[in-house]
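Two versions of one and the same chain are coming, encoded as structure tokens; call them structure 1 and structure 2.
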Structure 1
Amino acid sequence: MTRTLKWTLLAPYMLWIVVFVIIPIALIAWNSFFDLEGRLTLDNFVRFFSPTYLKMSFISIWYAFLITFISLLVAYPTAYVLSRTRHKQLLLLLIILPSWVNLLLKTYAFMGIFGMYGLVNAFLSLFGIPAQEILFTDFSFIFVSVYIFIPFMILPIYNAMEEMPRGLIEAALDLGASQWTVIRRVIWPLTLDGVKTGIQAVFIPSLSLFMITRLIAGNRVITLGTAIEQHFLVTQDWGMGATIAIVLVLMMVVTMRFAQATPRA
């Protein structure tokens, strides 16, 4: 392939990246240096390091960690079993299918399921249990977030397990290794790249959640994503909203670098 042909094929992709990624990030970075009156300032970054926003950052990271950790706990054995079943393609389709549904529709569906008169409380009433306040709690927020992101954790781990040589597992078992040793010393190291990819695919978007925090958590969970929405759509303080967005981008870059730098087990 000639250099001219290569750049011709790359041109549409590079144009897309420049127009829809680089330029928007540059505009956000530019707006972060202006206050409400349109004056050039660094006050937005100073304000971010106040206790309020630092606490918000900690809450965002904590919830993103919980969502990622629970997703990994569920996704890893699911991917392992899935890679060894006969009808894996059908089951994989059933796992992917919910991700095709609009996020807002899924969120509203869970509002009905977890509501005071929803399916969960209707089921509990069959056993004489009074209606529970499930919606607008930390549990409902984490549950719905895990449900939404878990396909993005399962897929890369499943792909890594599919590419894993089966002969290595059989050889380890023949040499007397226990099932736990095989998982720890053979399967886990060989699927670690898939785990890293899944962690990035879940942790990074979990940092900037805002719609689920509004509708499912009822603003009881305040994250940096919620703050960005508040500043852009309510207070019209675009400078502070852009500053938080830039900090979020930096957090995401650090997360990606950390995941890539993690040594193999």
Structure 2
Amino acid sequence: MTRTLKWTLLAPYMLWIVVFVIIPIALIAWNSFFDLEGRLTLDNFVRFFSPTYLKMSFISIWYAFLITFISLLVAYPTAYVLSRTRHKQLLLLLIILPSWVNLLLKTYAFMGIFGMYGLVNAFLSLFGIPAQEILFTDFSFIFVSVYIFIPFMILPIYNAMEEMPRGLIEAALDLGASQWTVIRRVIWPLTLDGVKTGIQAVFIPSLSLFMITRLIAGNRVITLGTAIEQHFLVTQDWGMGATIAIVLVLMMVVTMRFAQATPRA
């Protein structure tokens, strides 16, 4: 391929990257150096390291961790079983299908399901259990988040499972490895890349969740995403909003480094 041809092919994507990735990030970084009165300052970063925002960061990371961990816990065995059933395509479709439905719609549906007079409480009342407060609790928040993110965890793990040669497991069993040893020494290491991709796909967006925090958690869970929304739309403190966004970008870089798929030799 000649050089000119290569550059001609690349040009549209390069343009895309510059206009929609590099310039916006630069603009956010630029904004983060201005305070409410439009003065050039490092104040926003100092403010970020105040107890309020540190606590918020900690809360965000903690909930993102819980969401990711529970997703993984559910997704891993699911992906394993999925790769070994006969109706793979159908089951896979059923897992992906909900992600075609608008997020807001799903969230509103859960408000109905978890409500005092919702489906879950109607079911519980069949057994004489009084109505429980489910909506606006940590449980409902994590449940709905996991529900929304789980396809993104299952898919990469499933792909990794599919790529794994079956013969390896049979060979390990033939050579006397126990079931547990096979899982630990063969299946897990061979699907680790899928797991890492899944973690990236779930952890990073959960760090900046904002709409679900209001609709399902009733603003009892405040993540960095919520704070950004507030600063941009209500306070109009673009500087502080941009600062939080920059810190989030840095956090994501760190996550990517930790959860990077190991390059194949």
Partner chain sequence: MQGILRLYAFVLIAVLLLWSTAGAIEKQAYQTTSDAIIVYNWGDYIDPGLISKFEEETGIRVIYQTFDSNEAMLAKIAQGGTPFDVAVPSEYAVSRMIAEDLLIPLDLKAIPNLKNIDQRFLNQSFDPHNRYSIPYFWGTVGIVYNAHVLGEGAIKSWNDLWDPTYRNSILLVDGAREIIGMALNSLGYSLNDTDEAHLLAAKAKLDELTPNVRAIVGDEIKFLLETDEATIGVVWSGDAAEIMSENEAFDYVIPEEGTNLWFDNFVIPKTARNIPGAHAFINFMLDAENAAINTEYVGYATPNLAAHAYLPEDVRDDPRFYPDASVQEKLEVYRDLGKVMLGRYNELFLEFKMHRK
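All values reported here derive from a predicted model rather than from experimental measurement. For residue numbers, the reference is structure 1: its sequence is counted from 1. Take the two forms, superpose them, and find the largest set of C-alpha atoms that agree within 1.5 Å; that set is the rigid core.
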Checklist line | Correct structure when looking for the form predicted together with the partner chain | finding: 2
Notebook entry, point to check: For Val254, is the CA shift between structure 1 and structure 2 at least 2 Å following rigid-core superposition?
Noted result: no
Notebook entry, point to check: What Cα shift, in Å, does Thr8 show between structure 1 and structure 2 once the core is superposed?
Noted result: 2.6
